[in-house]
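The chain that follows stands alone, in the form predicted on its own, written as structure tokens.
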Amino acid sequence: MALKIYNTLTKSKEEFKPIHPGKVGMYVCGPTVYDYLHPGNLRSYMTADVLRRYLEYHGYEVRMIKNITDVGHLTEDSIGQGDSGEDKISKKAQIERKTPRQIADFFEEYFHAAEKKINIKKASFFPRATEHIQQMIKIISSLIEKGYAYEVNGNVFFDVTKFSTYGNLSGNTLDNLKVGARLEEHPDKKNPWDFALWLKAPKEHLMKWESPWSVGYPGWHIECSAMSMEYLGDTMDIHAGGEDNIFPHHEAEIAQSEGYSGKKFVNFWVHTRFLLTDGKKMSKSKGNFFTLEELEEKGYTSMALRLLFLSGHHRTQLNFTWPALDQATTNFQKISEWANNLKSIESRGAGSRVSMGEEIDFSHIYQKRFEAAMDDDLNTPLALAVLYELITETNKLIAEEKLSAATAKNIFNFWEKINKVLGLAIADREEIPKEIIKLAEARKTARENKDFAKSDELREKISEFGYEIDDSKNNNYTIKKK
């Protein structure tokens, strides 16, 4: 395996080498459970899923942690250091007149259902922020002792001037941030770009805990450091997320984690670019997104959406359009039909008229090309191009009746192997009822006798039962459900 991954920290592709041989520790920034997921969220989670699948394809044991943020993520997360505004879950709870726990539980369940629909493998563990408050308090206390953090009026902030490499991930060094910065300063901050580790809660705040500094709640950033280090140790192999997490969230994670442990926090940072719609970032705040349920109502499947995501490189912005989803739907049907045809030919055995060709195992050629594409920073568009070329070559052999059952089996085995990486859930073709096969055979006889009127009559009858028949060379045919 010679997988090279683009590392956001070093701004270059690097050959992946795990900390522990044969094992990979991976953390993915999960959802803030206050609203429905949109395709942009799912695209980021799917990048991590494909990376995990490809590592497992090569025999690695992957321990993936995906957190559930159920407190501390504030509404103004795109402003300054993301430590101003209302708690997103508390705000939703007030609007819907429910408890924060009810809101969090409902949208966490929805998140798991959405990931299942798009065939994202379950993480090894989904820790909740509210269940790790004590771990956060421990880290914050240590940061204060080491001089990285300070407390004022019950609020605790990380002093970014004390962390010399602050800004290396995002490029937002303190010098760059000072240029033209217009940031409203919190009265308790020493520096405008210091970020909150703990905030004193107003009396009316719905979610709060006892701490050495105040009755309050954690900052958004400290949560991921506490949960990732709890389950993966001080240093992990891979940290993944969307590009909007790079600053301030991931930059803050590095500062507080390395300040606490004194060790490198993450070896590989993997980020997914934005999903656009009409050229603009798809987001809840802009209201320009669709849920999976809304796509299904329009007749699209989650597998078509997954294939659409695979058709774009994760480090390239992908513009979501209906024609693009239409094309992905067509391509998914093409892949499904091909895979089912291979299974059908393999099951007929060597005696079938449509499987009398020589046994040729050329799948290894495509496997090398598939792996070369994936080794180059998970180049899924190129990997799909390899698959489509194989489909074209296979279909040509089928049309010429040169694909043997043994060759079909080789190709199908290859497909099953690479699909463990692609993750496309393809339903088996329904077994054709004997009555339909009997009609099809009668039609074949009619065609051999050049009784085309009878042939058309039988085709129409087959159609009335919900099936269609496609003719091929030498009077052979295939039947499929309409």
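Model, not experiment: these values are computed from the prediction. Residue numbers run from 1 along the displayed sequence.
Keep in mind that the form predicted in complex with a small molecule is not shown, yet the notes after this line are about it.
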Contact residue in the model of the complex, from Arg273, Lys117, His186, Lys92 (heavy atom within 4.5 Å of the small molecule) | Arg273
In contact with the small molecule in the model of the complex (heavy atoms, 4.5 Å), from 44-52, 58-66, 414-422, 439-447, is stretch 44-52
Using heavy atoms and a 4.5 Å limit, would one call Asn245 a contact residue for the small molecule in the model of the complex?
-> yes
May I ask you to state whether Met26 is within 4.5 Å of the small molecule in the model of the complex, using heavy atom distances?
-> no
Indicate whether Gly241 is a 4.5 Å heavy atom neighbour of the small molecule in the model of the complex.
-> yes
Is Met282 close to the small molecule in the model of the complex, meaning a heavy atom pair under 4.5 Å apart or at it?
-> yes
